[in-house]
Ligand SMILES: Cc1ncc(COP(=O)(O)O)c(C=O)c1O
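Presented as structure tokens, the chain that follows is alone, the form predicted alone.
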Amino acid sequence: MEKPLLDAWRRARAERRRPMQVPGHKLRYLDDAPGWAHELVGDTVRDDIPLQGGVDDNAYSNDYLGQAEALWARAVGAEHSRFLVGGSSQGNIAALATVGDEDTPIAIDRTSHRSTQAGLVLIGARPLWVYPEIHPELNIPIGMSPRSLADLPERVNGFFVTSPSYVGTISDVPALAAVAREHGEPLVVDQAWGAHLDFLPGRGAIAQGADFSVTSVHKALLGYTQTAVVSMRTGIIPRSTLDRWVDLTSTTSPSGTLMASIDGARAALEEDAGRRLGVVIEAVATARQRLARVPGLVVVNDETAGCPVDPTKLTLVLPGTGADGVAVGEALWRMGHGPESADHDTLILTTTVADEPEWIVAFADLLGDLIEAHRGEARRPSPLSIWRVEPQVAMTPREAFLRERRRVPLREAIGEVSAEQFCPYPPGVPLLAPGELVTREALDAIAAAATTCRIAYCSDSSLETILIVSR
């Protein structure tokens, strides 16, 4: 199995060099090497080897990274891939900048990650928001309809959708790609939560016709935190355009360790040829079946959602049990099994190839007992405002971000233009963003979200004031 970057990292680690260049820790903390302040920093930098002047030489003359990126592209059916150490946020920004342009509209899924807003600020494009379908009973997104892209009121220069969604539901990417081809515009799929889908035959976004995909290697696979990949087809936009934006948004001191973990994850999955994913998916299916026996509990799957669902995701809708998802989530945290996300009505749990199949099934039994222990009077699901945001765009995010601003009390800002972002985290989907009018509905949604999670990226964490665009 070819793994050029991982092999180079291992050689560099074994050589025990004494570099007279960065990094500042000088590789003196490998294993139990007695570097100064070892008891404080040794464990944290033990495996840190830079790409430049570490895994490769200062000129990158061995091109280990380029070789590894080419192998990833081949594995997922793309023509070109770039490794990222800025997470899928960096990938979304680079992909949006590659297909977008200043003062031109681009169609974007409003339930997309906050990083799309950063991309819009960077390039100055005008967002034309499109919305996924919402399940009428479960109140979760169940995929982007191709009609939402086909029936746009004006011409756009690209389409950006999120699939899988945060709750695991999957859009019909082949149908979306067909609409994009009909319009002659590129389709970008934020597949951050579905990197594993690229290693299931025909399930990845690129394999299904997308022009660009962004995947988080650290979310669903085995990569270091912050690792991600952006991949592309080269028919509609040249690869040099993506390279330019990836290089613009990248650090000049990339971690060889982080990037080698991407190469290793790809090699492991290819060598395994789907066997591990298969047993994990089977275990999740068994876990879903066991949890479905809990009276009143809805387990999100292809049947209950009415659309394809990520086969490794456990998403549970709790109102029929009367249990409070926040309380169940807190109990899981105390047990060391913190969930991906928990609100009053929903629990979201992520499984990966690192989870033992036996543990997944045993965890389902534990979780079922925990829900029973928190059982209460059944209630109707409450619509989550985060999946239903329909903003009133007053100016481009870039214009609002750069304009002069002033601070006012939040409840006195209705009718003003927001200069900042209010983003429940998780899942990282903004309720209010730069360039959008502050409305009573937006403020009510922010207040409701604040009862179950952190509202991030706003300048006043107390939620008492807001920065607005000075008129």
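Just so it is clear, the structure is predicted and the values come from calculations on it, not from any experiment. Don't overthink the numbering: it's just position in the shown sequence, from 1.
Omitted here: the form predicted in complex with this ligand. The next part is about that form.
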D190 versus this ligand, in the predicted bound form: is there a non-hydrogen atom within 4.5 Å?
yes
For H218, is any heavy atom within 4.5 Å of this ligand in the predicted bound form, or not?
yes
Does this ligand get within 4.5 angstroms of any non-hydrogen atom of T169 in the predicted bound form?
no
Touches this ligand in the predicted bound form: S255 (any heavy atom, 4.5 Å)
no
At 4.5 Å between heavy atoms, only one of the stretches 79-87, 128-136, 246-254, 94-102 reaches this ligand in the predicted bound form; which one is it?
79-87
Checked 408-443 against this ligand in the predicted bound form; residues with a heavy atom within 4.5 Å, sequence order, are Y425, P427
